[in-house]
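Quick heads-up: it's one chain on its own, the form predicted alone, in structure tokens.
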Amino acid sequence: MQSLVIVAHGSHLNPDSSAPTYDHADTIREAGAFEAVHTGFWKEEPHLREVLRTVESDEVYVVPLFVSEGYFTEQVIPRELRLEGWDVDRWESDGLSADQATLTATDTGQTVHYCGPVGTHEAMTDVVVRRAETVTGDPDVGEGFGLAVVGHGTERNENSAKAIEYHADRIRETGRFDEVKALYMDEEPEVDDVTDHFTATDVVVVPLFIADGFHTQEDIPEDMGLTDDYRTGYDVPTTVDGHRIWYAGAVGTEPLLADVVLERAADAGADVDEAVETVRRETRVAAGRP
């Protein structure tokens, strides 16, 4: 039998950080495709270093709930899982195309299918769009709207921006929204100036973050001018400089993200076709769609 382990960062300071991981694990568990569905974290329990010891199956699919390829997916997670023979070249990735590598965990002997992060999978594009539908309450949102896909951005990891640009490009090519931009917190073009980048009156802002936390709940709303103090809250939409800003919060909290986790496992050989259909159906209901 096959088991799934979803691995994420977690946080000692923000109890909401792990909430999406648990939610998506519950959704997939209920779909019944795996003998067991486990979670493991870098900053919470169960820790990455111990999680495989809690899994009884000999064959395990490990899916990182991270936005981009980088330090955690290429170094921390393989090291903590003790994947024998791991080398980032096994992914043969250009920063966006990490798929999977099959290795053996040295201390448990399990066969581990180590997958690329959810954030760079093509199915994540659908989650970004679904997030826009959810925040506006309009399953056909697009015409007359601009869409900003927002990332952290950092000059220390060029892959951080690649994922943001990848999904913004894919959505732009569909022609669904009048304008689509990739914006960042720590590099140009910055989300602080969001209204300067759109001519559309209505702009949906979707942060490509896995969980809501300090950046998505405090920094970005204040940086965009939705509020002077995040503790006082803000309306959705909020009018800023003549634009109505529909701020969506972290894309990772969207129920459809469970589908991306399954797609990653499927790409690595997991038999999850029925579960994919179940999750897509169930997340449509969870999002209030017909």
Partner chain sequence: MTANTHADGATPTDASGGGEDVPSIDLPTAAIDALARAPNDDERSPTLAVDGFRIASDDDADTYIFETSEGRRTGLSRETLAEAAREHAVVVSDWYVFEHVVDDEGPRGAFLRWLEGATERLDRLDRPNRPDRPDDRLDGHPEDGDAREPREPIRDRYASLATGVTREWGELRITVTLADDGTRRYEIRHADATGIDRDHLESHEDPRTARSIAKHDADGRYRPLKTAPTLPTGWVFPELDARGCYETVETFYPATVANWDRERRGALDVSHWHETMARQTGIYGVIETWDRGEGHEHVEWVAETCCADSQCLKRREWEYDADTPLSVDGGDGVFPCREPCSLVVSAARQWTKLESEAERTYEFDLTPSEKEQVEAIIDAVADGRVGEIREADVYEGANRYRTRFLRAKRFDDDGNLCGIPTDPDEGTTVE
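Numbering follows the first chain given and starts at 1. These figures come from a predicted structure and were not determined experimentally.
Just so you know, the form predicted together with the partner chain exists too; it's not on screen, but the next bit is about it.
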| property | result |
| --- | --- |
| Non-hydrogen atom contact Thr278 with the partner chain in the predicted complex at 4.5 angstroms | no |
| Heavy atom of Asp58 within 4.5 Å of the partner chain in the predicted complex | no |
| 4.5 Å heavy atom contact, Tyr234 to the partner chain in the predicted complex | no |
| Residue contact check: Pro15 to the partner chain in the predicted complex, 4.5 Å heavy atom | yes |
| Single option in Thr108, Thr174, Asn157, Thr102 placed near the partner chain in the predicted complex, where near means a heavy atom within 4.5 Å | Thr108 |
| The partner chain in the predicted complex: contacted by all of Trp91, His152 and Lys162, heavy atom 4.5 Å | no |
| Region of this chain that lies against the partner chain in the predicted complex, out of 221-229, 235-243, 40-48, 248-256 [heavy atom, 4.5 Å] | 40-48 |
| Heavy atom within 4.5 Å of the partner chain in the predicted complex - qualifying residues of 20-44 | Tyr22, Asp26, Arg29, Glu30, Trp42, Lys43, Glu44 |
